[in-house]
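Okay, here we've got a single chain as structure tokens, the form predicted on its own, with questions on binding and movement later.
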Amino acid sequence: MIRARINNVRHETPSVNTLTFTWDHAVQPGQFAMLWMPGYGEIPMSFSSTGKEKAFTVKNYGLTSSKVLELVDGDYIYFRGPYGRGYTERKGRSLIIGGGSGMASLRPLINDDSYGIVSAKTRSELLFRHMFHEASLMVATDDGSEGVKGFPVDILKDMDISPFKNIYICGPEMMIFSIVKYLADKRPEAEASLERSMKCGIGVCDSCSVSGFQLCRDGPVFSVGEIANMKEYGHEKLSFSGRRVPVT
């Protein structure tokens, strides 16, 4: 278990904080850690910064994450990792497609040659939009409070994607599922980071399995071509208790 002192807590949106800390260990964009809050358990968390100064960007979606959001500068965080397969980094122009807190794992990939489709339920929840040049940013919101009223795939369908060397995607499952269906026969090498319930992070519990793949060890990043062949993805998942339930 690694213990690190928080250098800075930055409030990104009403429900999202970024916790920065110094840890001199190599981390690949797209990899994750199991973040532990004593007395509350562990949750998987992508690294939103992978330089010498690392960061976790945390959204409030349950008891453990809500306790993480109570941490302040100088507090300690505890985690183990890094785990998993990250994004394949290639030189050239990239298209970053992120939904909600899914932008966290994509943040280390953003550079001056990146174009972005950033989406959220509403304007106040748009994450890391400031990291893109204004002319390189497209926005979608569920409620139409900014940009296109709709979803990233609606913007994608009106774009010429041929100039992009790389396409990276992360966000809610149904968002990714719609993009995979669109890109499968156009850009199967595009990559997406998937999310499922995860208990151990090391391939023991199998709670994160999708069509025979374990997200913690085989992913969480997969090519669009791989995801298109996962018959469960976008349809069924395992709940935290191990029961198979529909994806909604």
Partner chain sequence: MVNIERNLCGIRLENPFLLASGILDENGYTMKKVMEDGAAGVVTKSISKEEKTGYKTPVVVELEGAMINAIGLSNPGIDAFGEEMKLAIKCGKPVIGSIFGSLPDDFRAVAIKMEEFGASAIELNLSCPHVVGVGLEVGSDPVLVRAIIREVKGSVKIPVFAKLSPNLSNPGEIANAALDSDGFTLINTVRAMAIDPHARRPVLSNAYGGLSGPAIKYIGLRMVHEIYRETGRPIMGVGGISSALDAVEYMMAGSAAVQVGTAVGMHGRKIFKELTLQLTEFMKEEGIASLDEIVGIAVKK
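Residue numbers count along the first chain shown, from 1. Computed from a prediction, not measured in an experiment: that's the story for all the values here.
From this point on, the text means the form predicted together with the partner chain, which you will not see here.
J.: With the partner left out of view, is G51 within 4.5 angstroms of the partner chain in the model of the complex by any non-hydrogen atom?
T.: No, G51 stays farther than 4.5 Å from the partner chain in the model of the complex.
J.: Is Q214 near the partner chain? Define near as a heavy atom within 4.5 Å, in the model of the complex.
T.: Flag for Q214 set to yes.
J.: Considering non-hydrogen atoms and a 4.5 Å limit, does the partner chain approach V224 in the model of the complex?
T.: V224: no contact with the partner chain in the model of the complex.
J.: Please tell me whether any heavy atom belonging to S65 falls inside 4.5 Å of a heavy atom of the partner chain, as the geometry stands in the model of the complex.
T.: Outside the cut-off, so no.
J.: So which of K121, R93, K149, R80 reaches within 4.5 angstroms of the partner chain in the model of the complex, heavy atom to heavy atom?
T.: Filtering the options by heavy-atom distance leaves R80.
J.: Tell me which stretch of 177-185, 40-48, 23-31, 66-74 has a heavy atom within 4.5 angstroms of the partner chain in the model of the complex.
T.: Contact-bearing stretch, as computed: 40-48.
J.: Within 4.5 Å of the partner chain in the model of the complex, counting any non-hydrogen atom, which residues from 190-221 show up?
T.: Contacts from 190-221: K199, C200, I202, G203, V204, C205, D206, S207, S209, S211, G212, F213, Q214, R217, D218.
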